[in-house]
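A single chain comes next, written as structure tokens; it is the form predicted on its own.
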Amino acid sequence: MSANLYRTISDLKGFSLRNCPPMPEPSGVLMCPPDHFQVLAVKNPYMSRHVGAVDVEKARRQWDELVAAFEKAGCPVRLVEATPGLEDMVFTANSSLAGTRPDGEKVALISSMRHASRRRETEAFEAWYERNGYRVARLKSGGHETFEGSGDAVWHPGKRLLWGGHGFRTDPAMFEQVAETFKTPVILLKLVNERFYHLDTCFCPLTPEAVLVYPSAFDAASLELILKIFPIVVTCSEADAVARMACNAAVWRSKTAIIQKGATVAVGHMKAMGLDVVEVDTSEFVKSGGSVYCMKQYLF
């Protein structure tokens, strides 16, 4: 196992968040219009009752409002063109992971998607990154191992540290390549509840010191790792985590949290952390198992 991967508390011996180099804050987000968005097949538990049930006009209004919320928070929004036939491409978090290396080079690691219906998405993202000054990195998977981008790889705010989720969509072995690509340590978290199939559905860093989590999504060793690193661990209620995907909020520069409306308990926690909170309606996208975080890719 790579020296840059941490799976248990014992692995953290000698590791300190204070010793992690600083990481530049994101410069903006990359989003994709929901031109072809629909629920056409069941890929996660959220989708099971919603095949063919998306109100496409409402989804477009909700997406437009989300773009406006990011822009009002001071977060520039860049767009990648939607590809016909790729109904899930609106969830831009999954097809890549963007970041920087210690020398400042901007890198985009292209995903290896688990579901065949999503694999063509990566072509458009790869082309976008090449046009916009990123070094594009590709995984060596042997055709079997998968990695689903920032859905399962979440940057620690302001630090050169990644949190890596595995268990449903991403194979843990892939994080050796992730760590090497970004020259960055990765703390691995095992997901054990199929409703929380990506890390970004149950793990939301609020500030460098605080994180919002849904504990039942993780195994015991993973919870120990979270408690070891974050001084403040806030628990998301089941209602907020499941019905409103509250942990799939996006926090811009530890200042503004954009979250599905109605997540009352989670919103209270965020405000207690000193965050400005913007509530938006992403209910059409929740039908597909995604909310705010899923619909953006942080850029650097």
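Values in this document were obtained by computation on a predicted structure and should not be read as measured data. The numbering used is simple: start at 1 and walk along the sequence shown.
Just so you know, the form predicted in complex with a small molecule exists too; it's not on screen, but the next bit is about it.
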{"property": "Partner-contacting position among M47, A68, I232, A272 - heavy atom within 4.5 Å of the small molecule in the model of the complex", "result": "M47"}
{"property": "Heavy atom within 4.5 Å of the small molecule in the model of the complex - residue from G99, G167, G164, G151", "result": "G151"}
{"property": "Exercise: R118 in contact with the small molecule in the model of the complex, heavy atom 4.5 Å", "result": "yes"}
{"property": "Contact of F125 with the small molecule in the model of the complex (heavy atom, 4.5 Å)", "result": "no"}
{"property": "Residue contact check: Y214 to the small molecule in the model of the complex, 4.5 Å heavy atom", "result": "no"}
{"property": "Contact of K43 with the small molecule in the model of the complex (heavy atom, 4.5 Å)", "result": "yes"}
{"property": "Heavy atom contact within 4.5 Å of the small molecule in the model of the complex, the stretch among 191-199, 205-213, 99-107, 223-231", "result": "191-199"}
